[in-house]
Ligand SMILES: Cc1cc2nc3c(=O)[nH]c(=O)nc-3n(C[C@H](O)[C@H](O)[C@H](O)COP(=O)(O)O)c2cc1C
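Okay, so here's just one chain, in structure tokens, the form predicted alone.
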């Protein structure tokens, strides 16, 4: 956190800056909320939006935050923290693609009844079938890239159908070209993020999307 804050002090911002926060890998589950608040307070004055990551597969137990009771507690406390602070960045929740539909319905209902701004769908997947397909069976962590595309697009469609229209939807997962970028927009995304595609395709991918995307 301190290293990142040091870097941010010298940053000349161009465009919007989003900061993704989540607890340390060795944090006990009962202390996760405390770490979110420490990070939120540290970065809220620097960010245009804060992504609250409840879905990293590399942090043991973190996806338990998809439990409606834990989720509602997080949403309530983060919302209260923002309401009393000077800086009020938008707050987006980053979801796992591996939960069941009835769980998402409960989480979306909580979000719809809150003043938080939107969602990021989705994080990487630990779907064992996709791990086998990728040759990563038995390896810890999540699958990103093209194999994630269908699963993340399905979740995007689900959130678009059930989330209040004023909430922001940031889509991510499997964007490797102009067509896969446009597909996210067609399914209802307001914004699109790219990570694995950028690693494989390089900065020229961004140029092609800006020039030829919708």
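Please read these numbers as outputs of a predicted model, since none were measured by experiment. Numbering follows the first chain given and starts at 1.
What comes next is about the form predicted together with the ligand, which is not displayed.
Segments offered: 167-175, 41-49, 23-31, 65-73. Contacting the ligand in the predicted complex at heavy atom distances within 4.5 Å is 167-175. The ligand in the predicted complex is not approached by residue 131, whose heavy atoms all lie more than 4.5 angstroms from it. Although the partner is absent here, residue 182 sits far enough away that none of its heavy atoms falls within 4.5 Å of the ligand in the predicted complex. Using a 4.5 angstroms limit between non-hydrogen atoms, residue 96 is distant from the ligand in the predicted complex.
Of the heavy atoms in residue 53, some are within 4.5 Å of the ligand in the predicted complex. Residues of 121-158 lying near the ligand in the predicted complex, listed in sequence order, are 122, 123, 124, 144, 145, 148, the criterion being any heavy atom within 4.5 Å.
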